[in-house]
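One chain is shown next in structure tokens, namely the form predicted alone.
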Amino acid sequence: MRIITVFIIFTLVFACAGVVADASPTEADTLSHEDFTAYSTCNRCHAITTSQWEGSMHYHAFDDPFYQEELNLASKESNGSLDVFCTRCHIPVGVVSGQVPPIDNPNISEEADEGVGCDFCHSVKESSEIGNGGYVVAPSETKYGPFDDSESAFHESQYSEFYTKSEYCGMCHQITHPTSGVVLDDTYQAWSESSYAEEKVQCQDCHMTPGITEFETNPGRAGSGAPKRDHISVHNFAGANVFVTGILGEDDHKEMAIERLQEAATLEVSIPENAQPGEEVAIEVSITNSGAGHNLPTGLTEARQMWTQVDVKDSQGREIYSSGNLDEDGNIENGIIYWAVYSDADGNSTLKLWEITDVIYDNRIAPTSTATEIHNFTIPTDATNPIIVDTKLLYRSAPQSLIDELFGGEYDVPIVEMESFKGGINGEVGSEGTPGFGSVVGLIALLTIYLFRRKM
């Protein structure tokens, strides 16, 4: 299995992301949606870039059905107090122009009704803080970007180093609960504390290049008539959202999300070569975050689940040991789930972001770190050899029970097999994975990014 230096950041998707409730009134008082340019205009000169963005989770930041269901529930149960908190990052033009809230405004403008769009992103002048929608947006004839020699017949262009830094992404990919202070999304923070930040590998280096298994340059032009460059950032912002891209029919983006997940971690399984009937056996399963510059999983991780499924059977298919399989309702049985679990004011676990007051536990895997599991079982006296050990590392966007509650059983949550290993005790069994190989590829990818940036 190939592994790379990738972030799984963009998940701009499942639940509220936002800002403290009083952070935007001055913008709403002074800005109009007419101050922004709709992407249909940008498309005239930037057709390739807008085609990449269309279908992405930035494009669907507001109309994402999962987000909409959670937003409506949050608004109802909080009497609308979180509406700005959630929408500031999901429909920013709507918020800063005063069109949102209400969250169901039927007269939303074209400029606002495009999620996280071109002109908004390229009108961000600076940040007021990391996280919670801490952007300072200044729409004008001047558009900001990463080049210092851009020219356009339609608008002025100005270079901004800010657009090349992870702090730009951190404005919305670091979320703190507005009242309890609990960190709900630590994507930026985890990156800032990692070796990726030390090596100056930015979010854009992984999420705005065409490479999945390694950093790749993308020669081309930023727009029609623009100079040809060694690298133009791609704008599909591939992340881990297989569920929403799937139900919206965005198949290209769904496949990119699957591939990114499959390059995020390395799975290694240690099993004994031989064991006798009646003998107790311990197998060691190690999961290394070898390809993500943030925790695995990341984003608003009250819902996202990564876990191992371990099945041990004899050669006749008789079950000896099982962990991490799903029951008839889609719940994970006896498995170790890597996610963050939160509690409400009464100390009960909750999947509702607006209720969160504390962290019960958080066992997600930090960048370059390894989590190890030990699975014990006894070889039956009547087992036929070889004993087959089948291990998978799996991921899904949310528990099936949550999706059933929100959508009334309409959707099955897809499960992505990130890595796998198959081996045998008392005999050989063909392996489906390549334990350990991903770490080497990940190091090569880091070196490639470093050398490229040295030339910039």
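Position 1 is the first residue in the sequence shown; the rest follow in order. Keep in mind that what you see is a predicted model, and the values were worked out from it rather than measured.
There is also a form predicted in complex with a small molecule; it is not shown, and the following applies to it.
- When the small molecule is considered in the model of the complex, residue 168 lines it closely, a heavy atom lying within 4.5 Å.
- In the model of the complex, the small molecule sits beyond 4.5 Å of every heavy atom of residue 382.
- Contact annotation: residue 317 falls outside 4.5 Å of the small molecule in the model of the complex, judged by heavy atom distances.
- Shown alone here, residue 421 lies farther than 4.5 Å from the small molecule in the model of the complex, counting heavy atoms only.
- Residues within 4.5 angstroms of the small molecule in the model of the complex, judged by any non-hydrogen atom, belong to 261-269 and to none of the other stretches in 321-329, 369-377, 101-109, 261-269.
- No residue in the set 288, 309 and 404 has a non-hydrogen atom no more than 4.5 Å from the small molecule in the model of the complex.
- Contact with the small molecule in the model of the complex, judged by any heavy atom within 4.5 Å, is made by just one of 334, 224, 348, 128: 224.
- Only one of 281, 116, 340, 356 comes within 4.5 Å of the small molecule in the model of the complex through a heavy atom, and that residue is 116.
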